[in-house]
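So this first bit is one chain, no partners, the form predicted alone, shown in structure tokens.
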């Protein structure tokens, strides 16, 4: 995997978590600009997914297993869209908390992806 991309995705996810956590603290639901932030983080995760699949197709293998690596890649790509969908149905401050929690989960998934690949 590309270490820099993993770091960028993780930091972007944590920045989104802080941003949405602040909205939760201020008793605000997710706004349009939060969804723009979610889109940016999701695009980064999708780029990571594509690069991971390309590397696998070129014969490179993660140190701790291909199946678990692909599962983590798919989970990372689905994490923020899933949290965003839930926040659309929960139009209170708890929607912001859901996105913040999903972003923290994505940050943790990045650490695991780095570890699984052999970092």
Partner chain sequence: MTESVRSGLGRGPGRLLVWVYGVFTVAAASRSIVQMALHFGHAPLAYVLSAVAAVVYAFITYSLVRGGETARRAALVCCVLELAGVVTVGTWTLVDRAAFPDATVWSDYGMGYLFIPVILPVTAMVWLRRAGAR
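Just so it is clear, the model here is predicted, and its values are computed rather than measured. Numbering follows the first chain given and starts at 1.
Another form, the form predicted together with its partner chain, is not on view; read the next lines as being about it.
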Contact label in the predicted complex: residue 43 to its partner chain, heavy atom within 4.5 Å: no
Please check if residue 63 has a heavy atom lying within 4.5 Å of any heavy atom of its partner chain in the predicted complex. no
Would residue 36 sit within 4.5 Å of its partner chain in the predicted complex, counting heavy atoms only? no
Do residue 89 and its partner chain come within 4.5 Å of each other in the predicted complex, heavy atoms counted? yes
Each of 12, 23 and 25 having a non-hydrogen atom within 4.5 Å of its partner chain in the predicted complex: is that the case here? no
Within 54-80, which residues have a heavy atom closer than or equal to 4.5 Å from its partner chain in the predicted complex? 67, 68, 79
